[in-house]
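Take a look at this one chain, the form predicted alone, written out in structure tokens.
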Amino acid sequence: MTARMLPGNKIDEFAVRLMRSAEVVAPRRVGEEDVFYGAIASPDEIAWDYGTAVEPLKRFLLPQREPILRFSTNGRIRVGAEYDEQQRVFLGVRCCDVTGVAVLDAMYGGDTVDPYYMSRRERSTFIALTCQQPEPHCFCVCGDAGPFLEGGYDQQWTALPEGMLVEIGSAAGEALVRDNEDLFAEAEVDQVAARYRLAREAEQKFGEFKSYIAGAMRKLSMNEVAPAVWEQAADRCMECGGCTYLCPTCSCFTVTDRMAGQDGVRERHWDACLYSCYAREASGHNPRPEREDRLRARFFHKISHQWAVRNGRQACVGCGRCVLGCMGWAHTPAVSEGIRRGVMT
């Protein structure tokens, strides 16, 4: 592991330097308790002592409403694509959210590259902040997405009494240290040892709330979950889309054209697989007409073996936002256990 120390009294100066050349997105407290990721204008805005941000990072890489091209039919057809070329540094974001970006990378930067997504992704640097006190709804340890990461970040910071232990995970992360060499110090052996001790302690703090991803993956992949599990979960689902919009890895979208005279804009915006009209075909046929069909498909695309093989890992990062955001309690430990067991208890 390549690690350096950023003393506590140098953290603000480092953030200020980052803001000179990029938009810095960090956790910001809104009100007394809620924390959202957002662009900062001062290091004083950063909420270092937070658990989980209300929303994941995907809205910065896949905006909820995104113009992808503008066109005109005035005289002759003219089409022009639009790309976001803003440099961004995501500072102090949680490990589960960095892992969520890796899932999006597999979908939008794999065999078929999405140029709009990649325009943002290639200009983004991620500085993860390890989580030493998981919240009650968190189960990232079950999803191999935290509370400490072994890779997949540009830098990973761990808070120690004397400052931040900075693990370097990429050339971009190394460049940030090299360009600000005067702020960093060599990491001592005992500081690195403290990082691993804190990681072990954090993993032991996860309570009874667990998502049994391994067991659920086997049941889902072998089609061994009883229909009653999906029926009971569907009875609780209100089709509000909250689980989808709060999930770091859900990225279903639809595309619309809007006209103003002879000028138009093509936009894509978030959609949700739980909506009754999402899978409806042009013929009018809907392959997932019932709510339980749509719930089963959503879970399959999160944690089935087939999906994990195709994309490199399961699509659940254990952030627990689906549990917090579900208005009908369709996402609960009971449902997770029901999928794992194949029957609802």
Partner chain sequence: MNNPYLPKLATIQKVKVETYDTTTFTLRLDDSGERKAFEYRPGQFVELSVFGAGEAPFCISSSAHGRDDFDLSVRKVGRVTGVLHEMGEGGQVGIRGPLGNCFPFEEVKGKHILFVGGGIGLFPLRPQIQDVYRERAQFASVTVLYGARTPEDLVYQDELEQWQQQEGMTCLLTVDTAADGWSGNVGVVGSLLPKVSIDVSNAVAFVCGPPIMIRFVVQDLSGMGFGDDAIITTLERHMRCGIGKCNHCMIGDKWVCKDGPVFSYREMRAMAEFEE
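All values reported here derive from a predicted model rather than from experimental measurement. Positions refer to the first chain, counted from 1.
Not pictured, yet referred to below: the form predicted together with the partner chain.
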Query raised in the report: Quick one: is Q132 in contact with the partner chain in the predicted complex, heavy atoms, 4.5 Å cut-off?
Result: no
Query raised in the report: Looking in the predicted complex, any heavy atom of F71 within 4.5 Å of the partner chain?
Result: yes
Report task. Look up in the predicted complex whether E188 has a non-hydrogen atom within 4.5 angstroms of the partner chain, and give yes or no. Result -> no
Query raised in the report: Does any heavy atom of A214 come within 4.5 Å of a heavy atom of the partner chain in the predicted complex?
Result: no
Report task. Counting only non-hydrogen atoms, choose the one of 145-153, 159-167, 102-110, 176-184 that falls within 4.5 Å of the partner chain in the predicted complex. Result -> 102-110
Report summary line: Checked M222, A193, A228, I77 for heavy atoms within 4.5 Å of the partner chain in the predicted complex; positive is I77
Requested in this report: Give a yes or no on whether every one of F14, R17 and S124 sits within 4.5 angstroms of the partner chain in the predicted complex by heavy atom.
Outcome: no
Requested in this report: Would you mind checking 256-273 for residues with a heavy atom within 4.5 Å of the partner chain in the predicted complex?
Outcome: T256, D257, M259, R266, R268, D271
